[in-house]
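Shown next as structure tokens: one chain only, the form predicted alone.
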């Protein structure tokens, strides 16, 4: 691997150097060969031979520089003060095969100075969920952390019950969060200039060509964040805990806790059982992204050339960027061009889904069975299932809508419409029931289901032989989607 351990050269107040605390008898859970190849991990005999010991905290390669990052944040809209890596360590920074920076971050690595009341560990249940979700989002084409692999151990960890301790080697283009700047503003304001230069030079070097690089950098972060959240909305993903310490400066999905993928379409869906007010409900994610950036940006007023007015200019593109990306994506999911008539059909379609609590993923995919039934037998079955769930009144609405939709499709090159729909509407998402079946088997020492789901999610836009009916089955319409605990 090509190491580029630069974070360790920053002001020492920003981190604490320490090795991981080893797990007892770590054993292989799953290994992501694709990520390993992209990192150059597979060409290093030492890393390949000892990957279980590395993830288990028993062995630290010579070129690793493990450290825990300090950061702060706003949690559920309230200032939470100092936070930081309470159970994770930035083990190394590398350049991947494309020359892009990647962080290797070991989650479940033991206590750090930032652990607060935690125990520094991760449990198998949440480790599998994060491992599969990072993989799923990456294969869906959404910027996200991914993972090299995970291990399970004999270390016992207490949550609501005693569970098996595990560790995950998370891989992300950056682990710097909005909360890093919030920490600096409160506890080390003299470092802000140096740290901002580091963020620009490492992750946004193109901004150096701007007249005021810091403003170009801030605008780029705003736009990337808007794109990421639009991607979430389009695929039906709810992060669940969009605190400022859980948003990356690179616009990549980070920190999987009580996440979920939409099944029955309900924009007001709350997937975090601790979110009593619905702050982080699916429909609120775009507004929360704006709120977080609005809290983050004023800290840069300490720097030359940054004023309240110029910061307003940096934030201004957020809404337009989000709306354009979301609306273009929504039209593509229907195979239609981005224009007013298409958007009208799209929002009528979403209303039909919501009013009848139809499955979000299956319903979009089913439209291929409407426009080209001969070539899409799987989607024909989805369409038949969907229409049988409609009431008599809804049947009439569907007939009217589908007639107008087909009339629009007939005016377009059919091959292009089908291609757009096939590449934006997945067959498979990580449903909670899928993840739970994999977890249940893994807790009994059987990881075959983790591997099957992993392989299934590797090609989410194609129908696969290894799938079963449970992989695409929506819960009954009167079954509420279960919120997920933050406990991990």
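Positions refer to the first chain, counted from 1. Being a predicted model, the structure only gives us computed values, none of them experimental.
Here the subject shifts to the form predicted together with adenosine monophosphate, a form of this protein not shown in this document.
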{"item": "Partner contact for residue 120 in the predicted bound form: adenosine monophosphate, 4.5 angstroms, heavy atom", "value": "yes"}
{"item": "4.5 Å heavy atom contact, residue 86 to adenosine monophosphate in the predicted bound form", "value": "yes"}
{"item": "Residue 321, heavy atom within 4.5 angstroms of adenosine monophosphate in the predicted bound form", "value": "no"}
{"item": "Any non-hydrogen atom of residue 292 within 4.5 angstroms of adenosine monophosphate in the predicted bound form", "value": "no"}
{"item": "Residue (of 163, 173, 245, 263) lying close to adenosine monophosphate in the predicted bound form, criterion heavy atoms within 4.5 Å", "value": "245"}
{"item": "Partner-contacting position among 349, 71, 300, 203 - heavy atom within 4.5 Å of adenosine monophosphate in the predicted bound form", "value": "71"}
{"item": "Options 95 to 103, 311 to 319, 111 to 119, 407 to 415; stretch whose heavy atom lies within 4.5 Å of adenosine monophosphate in the predicted bound form", "value": "111 to 119"}
{"item": "Residues from 139 to 172 in contact with adenosine monophosphate (non-hydrogen atom within 4.5 Å) in the predicted bound form", "value": "159"}
